[in-house]
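In structure tokens, one chain follows: the form predicted alone.
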Amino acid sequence: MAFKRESIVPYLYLLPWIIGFTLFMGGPIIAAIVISFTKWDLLTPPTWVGLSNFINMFSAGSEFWVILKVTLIFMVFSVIITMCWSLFTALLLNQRVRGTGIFSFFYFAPAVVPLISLTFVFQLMFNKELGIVNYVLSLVGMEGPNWLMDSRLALWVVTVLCIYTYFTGQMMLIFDSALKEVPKELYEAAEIDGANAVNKFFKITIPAISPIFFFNLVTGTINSLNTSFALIYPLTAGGPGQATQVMSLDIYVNAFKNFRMGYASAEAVILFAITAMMSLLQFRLSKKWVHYEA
């Protein structure tokens, strides 16, 4: 009896989390899967249509393929940019110079500013007529483009602006903590053997922080797929055309503007599947390059 009482205690502590997850995450996920097999405009009762939403989505000539391409491009390059930038700033913070605490505050400050406020600032900065970016270019005799309204540039501008999101600042702090845990003796031994800074970075730093690097890679990939809406919608609303129309934004448009809740739920299911497959692939590949302490 005592054994049973002791074994159930941990679950009682976890019960609030389990209830919250079931009500606010597990339940909506199941509901989205069920709704994806229906046609529902939020006004009339849903009608069961089976796999029609998925068939229409994957049919030849569907706009879904363009949106999927934009989503994957945004995911790959936003993760690369945010990872490189956060690791670079973390390396700067670990240099033996005075005032690193002040620098870390300024590096992280954009991450704690509400994203909607930042997007309005970015709109002004990249405005063709009034933006400071084009003004600076004009000082050197260059005519700046219409950054956010040019279909060739908009996606890349939005991707680069990911470095000012909360997740980049979070990655920086995590990398900073990991770098402080790398044994200094390894660097000293490498210096004795004649290793330069590049060799020490790739042979010592990266392997030592590889578990943290992997953690940031997985979370960054998930965030780029699921939270891109908050950055892109205020900036470009998916335009011009469909140049920045990622899946998270298209789900919103179909659900609450076009009232195609069934199709939007089907897109959400596919986005969930893509996120899961990307995570599983990263976990599988991590066995080749992530080094955990014995």
Partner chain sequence: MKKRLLVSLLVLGLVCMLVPAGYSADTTVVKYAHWNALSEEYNYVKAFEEKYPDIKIEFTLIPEAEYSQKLTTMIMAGTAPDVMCLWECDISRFANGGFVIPLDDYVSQSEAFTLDDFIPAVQGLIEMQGNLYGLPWCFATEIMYYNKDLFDKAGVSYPDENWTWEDFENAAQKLTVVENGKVEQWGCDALSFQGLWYSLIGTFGDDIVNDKGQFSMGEGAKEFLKWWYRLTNEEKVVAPPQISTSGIISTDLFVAGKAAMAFNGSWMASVYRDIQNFKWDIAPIPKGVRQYSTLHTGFFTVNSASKVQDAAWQFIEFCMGEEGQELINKAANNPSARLSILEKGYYRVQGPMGPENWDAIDKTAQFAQWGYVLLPSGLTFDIVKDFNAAILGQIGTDEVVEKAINRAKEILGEEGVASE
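Everything numeric here is computed off the predicted structure, so don't read it as measured data. Positions refer to the first chain, counted from 1.
As for the form predicted in complex with its partner chain, it is not shown, yet the points below apply to it.
Contact annotation: its partner chain lies within 4.5 Å of heavy atoms from the stretch 117-125 in the model of the complex, the single such stretch among 185-193, 117-125, 198-206, 216-224.
For the candidate spot formed by 130, 151 and 259, every residue has a non-hydrogen atom within 4.5 angstroms of its partner chain in the model of the complex. Among 210, 94, 177, 146, the residue placing a heavy atom within 4.5 Å of its partner chain in the model of the complex is 146. The single contact residue among 235, 35, 251, 269, judged by any heavy atom lying within 4.5 Å of its partner chain in the model of the complex, is 235. Shown alone here, residue 50 lies farther than 4.5 Å from its partner chain in the model of the complex, counting heavy atoms only.
By the criterion of a heavy atom within 4.5 Å, residue 42 is counted among the residues contacting its partner chain in the model of the complex. Under a 4.5 angstroms non-hydrogen atom cutoff, its partner chain in the model of the complex lacks residue 27 among its neighbouring residues.
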